[in-house]
Every structure is written in C-alpha cells, then in structure tokens.
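What follows is a single chain, given as structure tokens, in the form predicted alone.
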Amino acid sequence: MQQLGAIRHDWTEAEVKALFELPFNDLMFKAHTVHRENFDPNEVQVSTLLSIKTGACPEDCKYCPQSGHYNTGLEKERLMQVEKVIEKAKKAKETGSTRFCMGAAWKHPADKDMPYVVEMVKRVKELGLETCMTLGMLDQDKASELADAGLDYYNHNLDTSPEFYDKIITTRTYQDRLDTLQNVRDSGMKICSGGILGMGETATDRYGLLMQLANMPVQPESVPINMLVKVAGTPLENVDDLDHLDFVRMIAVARIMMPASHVRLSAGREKMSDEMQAMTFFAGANSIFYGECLLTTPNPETHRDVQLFRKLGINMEQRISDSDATQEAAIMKGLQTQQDSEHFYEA
C-alpha cells in the first residue's frame, strides 16, 4: 500500500478490503490522520437541499419514494417557481448554509425546463451561495448550459457497485451514470457523487463503489454517503437494518481513499445518534445537509445540529473569507433563542 494520504487512482479490491478489515481503532486513527492533513478537523461544510420538482420520476430506483413505479403516498409537485426557490435559498443562507442544492425528480431535464433551472442557478449564485443541482442524466449540451450559467457542482450518485447496480435500478445503466459524470467534468463543473449503504449490498459492493469513485481520473470534490431511509411502498422497505459501525467504517475508508474530497453525511442522519455522528466527523466526514428535509425524507432539525456542533466544538466552514466575523455567532444565537422560546411555550 502506498503512502497514507496520497491521492491515488489505482486502488485495488485487495487494498480496499484490507482497510475495511483493520481493527476499528486503527482504521479511525488512519482516517483521522488523513483528514487532519487535508482539512480543519473542527470545521464542517453545511449545505441545504431543496426539491424543486417532486415525484412521478420515471426511474425505478428501489430506494426512492419519488419513483412513479411505487405507491408511497408522496404528493406530486410540478417544477417550483423561480421566486419560491430564491426565497428558500435566502433562508438557507440565513441559517448558515454555504451551498444550496436543488433536486428534480427527472430522468433528464427537458428542453422546456432548462431556462427555468438556468435562471435558478444564476439567481442563487447572486446570493453568494455555491450552487449544486441534481436533475438526472445530462448530455454534453445541457451540462455546458448549466456550467455557463455558473453551476458549481452537479450531483449524480453511482449509488452502489457496478455488480449490484441492476438489483436496485433497471431504467438506466451504470454506464449512463458514468457518462453523465464525464459530461459534467468535461463542462468544467465539479462533481458530487457517492452512494447508499443498507440496500442489501455486500461488503464487496461497498469496496466496488469506493473504487469507482476514487479511481476516476479526477476524484469527486464532494462524496455524499447515504444511509438508506426505508420508505413504505418501496421495494426496500423491509431490508435489514444497517450496522452503524459499518457505516462509520465506510466514512473512514472513503476519507483515506479520497483525502481531498468533502465527505458528506447525507440521507439517514435523522436515525444517527450524536455519538455516531461524532464518530463519523472524527473519521473524516466534513459536510452535512442542514435543515428538516432532504428532498422527501426527514433530516435532523437545524437546532439539533447547532447543539451537536457546540458539544463537539465544530464550526461551520466558510465558503470564502467572511467579511462579517460575527455571522456564525449570530446564527447560533438566533437558533438557540428560537429553541429556548419553543421550550418556554412547551412548558
């Protein structure tokens, strides 16, 4: 195995397996060492995710309540108006988010919808936020159009290994996903791509997912690691629960293999205890989605995250040098005041 912390694109299954099988404390120590070499260990980047078009997706992803193939009771919504998106983005910035992610339940964006999503990108950028979108598959023309509008990141998860993929999705191929990521990279945008744990995959599938990501010519700048949220009506609603220590191991190995990437805690965080999240931050997770909802699944309330950050001495990562040095303190104080008021009325 080569030098710890080096960015590599030639990881083998044997090497990844060896990392996963390390004694837990040894793995955590290695991951935290790599994390400290590349990031401030007491900063976490905060993003907000908004569903700009919900439900009726033609894809058959077995984990997704937005798929039109399953009856999950989800109310379908058309593409959100630009002004409403901007209102949400302003609120996200006020509560400390530095990146605003917009997701639409599409197989791919239609030509008629592109002017609206382009306008969303431009307007959110004007607020000083980083922008990210996930709209399904992109051809080169649409990727270039989004890049020209100023989109910073495009999210397109690989979800799992190539070998397990067709057990989860049949309406698009693994190569379709890789092609979209290549189009995004060729357009000059940054890549946000990761996967989901707890769908019934094997340990080998987890190795395969990380190898696909880490062995790209340029590693994804952002790597979301999701823990399956089981939704009634989807084919995975009764899958066995994921061992939480296996999830922490995944975070740690992702950090070692992709040392310069932001590793994000994404879906499933509502089910994670403070202690589990603290372990993931130590293992190298340094990005979260902030707010009470991730597209259509629950997420911890904002004030709970603030409390956890305080307990751990974690600060919100700033996108650029902050001209207002008191911004984060004001956010923290405002949210705490709101929480204190809620407790008063509850009493």
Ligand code: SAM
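In case it trips you up, residue 1 is the first one in the sequence shown, and so on. All values reported here derive from a predicted model rather than from experimental measurement.
This next part talks about the form predicted together with S-adenosylmethionine, which is not shown.
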Handout entry: Heavy atom of each of 64, 155 and 229 within 4.5 Å of S-adenosylmethionine in the predicted bound form
Key = yes
Exercise for the section: Quick one: find which of 118-126, 140-148, 82-90, 105-113 has residues within 4.5 Å of S-adenosylmethionine in the predicted bound form by heavy atom distance. Expected result: 105-113
Problem - Close approach of residue 251 to S-adenosylmethionine in the predicted bound form, 4.5 Å, heavy atom - result: no
Problem - residue 267: touches S-adenosylmethionine in the predicted bound form, heavy atom cutoff 4.5 angstroms - result: yes
Handout entry: 4.5 Å heavy atom contact, residue 136 to S-adenosylmethionine in the predicted bound form
Key = yes
Exercise for the section: Answer with yes or no whether residue 244 is in contact with S-adenosylmethionine in the predicted bound form, where contact means some heavy atom within 4.5 Å. Expected result: no
Exercise for the section: Go through 130, 179, 205, 159 and name the one with a heavy atom inside 4.5 Å of S-adenosylmethionine in the predicted bound form. Expected result: 159
Practice task
Would you mind picking the one in 257, 213, 196, 184 that has a heavy atom within 4.5 Å of S-adenosylmethionine in the predicted bound form?
Solution key: 196
